[in-house]
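Heads up, the chain below is alone and in the form predicted on its own; it's given as structure tokens.
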């Protein structure tokens, strides 16, 4: 990413300070941290942060410990790196003094309770006291609209995922265990020019395919049953997400019907979605087709989700978190039908919303079943 992109992102965040009523923003969520600073470290557990950003109108600090100091200095060139030696919470007095902080905005949707309580105690004992203000996904909202460089990386990520799925389908045979196929997917991802998996691959066959987020098991794949392959990888930190449902041999007519319904729902959404449409309306385009076919009770999740530095991010393309779809958003379109104890079908594409509609970033080289 070009350095000016990070400068622009900081400027955009700072332009919101007055409306948020803060003089300092504290960023700890790993994807948001990377979005603003290019600091790539990840956090292995919720109660340990590999780094925090403290941003004011004229200063930008990255607070970390000695494990990450060199990496932070190399990557976050717009930030002054400070190494704390006795834990993040114990360094807050120094940070408040240095930044002249009075009203600290923090990520209310991410900060764990224990760290919040420690920060609140430090803030209340500081002279003068510092007010803590929970911010609601302020950087997450900025991440919704992807710039050209982000779209280029997301496209590469999606194309590599298509290559992996195509190879897996080519190799797939009856008698293979779901776990073995999942391991093959991870191996192929590592052999690509990718950072690694975006999420553990889903390989779900037969009745297991009725579980939208099934975990691969020792179950052996059989002819004629649905096999869901849900795969994502990362390129330069940006994720992909793509699903195909395939059959080895000739499936029962029941599953052929379900497959056609899901594909019709997906194609209708791909053709219909436009800039300015509400997420609930986009969802209903596909959902109504599935309902009219008599399978409405078997499509329980939303039509799709945003994707970028995280495999699931804003916008949620469904009715529960309504918002207006905007040009530059990248999200999935993934209707599905899941019949308990029998199996399911899901088809998923990654798209970018452009002026005239959606453009599919994933590839059809790994065929549709019918």
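Numbering follows the first chain given and starts at 1. Here the structure is a predicted model, which is why all the values come from computation and not from measurement.
The discussion below concerns the form predicted in complex with a further copy of the same chain, not included here.
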Subject >> Heavy atom within 4.5 Å of a further copy of the same chain in the model of the complex - residue from 125, 173, 213, 292 >> reply: 213
**OP:** Could you work out which of 263, 274, 256, 179 is the residue within 4.5 angstroms of a further copy of the same chain in the model of the complex, going by heavy atoms?
**Re:** 179
**OP:** Answer for residue 93 alone: is it within 4.5 Å of a further copy of the same chain in the model of the complex, judged on heavy atom distances?
**Re:** no
Original post:
Does residue 114 reach a further copy of the same chain in the model of the complex, with heavy atoms at most 4.5 Å apart?
Top reply: yes
Subject >> Contact flag, residue 87 vs a further copy of the same chain in the model of the complex, heavy atom cut 4.5 Å >> reply: yes
Original post:
Is there a non-hydrogen atom of residue 252 within 4.5 angstroms of a non-hydrogen atom of a further copy of the same chain in the model of the complex?
Top reply: no
**OP:** Kindly confirm or deny that 30, 70 and 312 each have some heavy atom within 4.5 angstroms of a further copy of the same chain in the model of the complex.
**Re:** yes
Subject >> Stretch in contact, per heavy atom within 4.5 angstroms of a further copy of the same chain in the model of the complex, of 222-230, 180-188, 94-102, 275-283 >> reply: 180-188
**OP:** For the stretch 319-343, return the residues whose heavy atoms include at least one within 4.5 Å of a further copy of the same chain in the model of the complex, in the order they occur.
**Re:** 320, 340
